Ligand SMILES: Nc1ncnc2c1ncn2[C@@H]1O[C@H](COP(=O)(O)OP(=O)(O)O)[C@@H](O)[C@H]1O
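One chain comes next, on its own, written out as structure tokens in the form predicted alone.
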Amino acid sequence: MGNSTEGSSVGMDSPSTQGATSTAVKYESGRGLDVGTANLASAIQDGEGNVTIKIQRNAFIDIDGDQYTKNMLTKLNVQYVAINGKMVVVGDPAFELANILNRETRRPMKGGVISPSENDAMPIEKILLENLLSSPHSPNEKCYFSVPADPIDADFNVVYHKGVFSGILKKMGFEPKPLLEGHAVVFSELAEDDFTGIGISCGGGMFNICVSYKSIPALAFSTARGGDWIDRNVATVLGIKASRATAIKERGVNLLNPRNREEEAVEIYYRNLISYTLEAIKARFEASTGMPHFPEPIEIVCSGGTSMIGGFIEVFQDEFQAIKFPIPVKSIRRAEDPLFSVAKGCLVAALSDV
């Protein structure tokens, strides 16, 4: 797999752009899809081994359907769709519009799975997936999509969530194949270690962990805390909207050097979340029977948008030193492309299947 070329889908004009590209480039059969709470990302490989990534925020906002608003959106070149009689802006423009209007975006997913309280979740996800994936390049093209492992600290399973996305992809003409999110990180990042180590997907809704031995998941679970948990808590202590807390987090915070009260709040909740995750991994290791023996120290790889903040790995290493981890670890690092690691891992699985 060659160097990735990363693209961002904005608004609703991407399908025509992707269609124009696909007529000129020969693509391999098989797709990777990261179904994240905060972002959706797709991956596809051409005949020369180059990988193209598309990414879009998994969010939307409904707005007044008057003529003034329509004119404003047209002038700003923001695409919108009509759902159940409402005007809806999806993806990246929805997040930008929410900050301008001081409103919260609506989220089709919550806590790593399809939101049970969001009536428009499924039609929105269908629009976003059609935007990212377009049509299959071959009949029943395999599309591996990420699913969370069952959480250790929340009372739900992922059966319904898995079924919803399988249904959407099947109607689009793909053959859907679910893949554990942490396992996708292993496929993407640990090839040189014979797919042995710990992959952690640090997402918006959850942290997904997979302990793998020679590509086989020995232990997989998730925690119901992620970037959204940080945003909610930061918003509460600062008295601001969660979308504002997200914007603060993404503007260039360094956890090693918080510059004001807002950034200090972000640092405090990040450190707490990392410590919580490491303690959960340690507890699961100590409670599990039949864990493989690792003859050599293993690597821990962190991916996902929540891992991209400055100082994340240093804080992770600091918190790691504070606990007695049950197995030797040779290094802790961030994925080469943290935001795209899960999508690329799903693509590796799809191409291997083909």
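Predicted model, so just to flag it, every value in this text is computed and none were measured. All residue numbers are counted from 1 along the displayed sequence.
One more form of this protein, predicted in complex with the ligand, exists but is not displayed; see below.
Residue contact check for Val329: none of its heavy atoms lie within 4.5 Å of the ligand in the predicted bound form. Of the heavy atoms in Glu189, none are within 4.5 Å of the ligand in the predicted bound form. Within this chain, Val301 is remote from the site of the ligand in the predicted bound form, having no heavy atom within 4.5 Å.
With a 4.5 Å cutoff on heavy atoms, Asp194 does not count as touching the ligand in the predicted bound form; it lies far away. Only one listed stretch (220-228, 134-142, 171-179, 98-106) carries heavy atoms within 4.5 Å of the ligand in the predicted bound form, and that stretch is 220-228.
Only one of Ile309, Met291, Ile313, Ile63 lies close to the ligand in the predicted bound form, with a heavy atom inside 4.5 Å, and it is Ile309. Each of Ala38, Thr246 and Gly305 comes within 4.5 Å of the ligand in the predicted bound form, counting any heavy atom. Taking the ligand as it sits in the predicted bound form, the stretch 264-290 comes within 4.5 angstroms of it through a non-hydrogen atom at just one residue, Tyr270.
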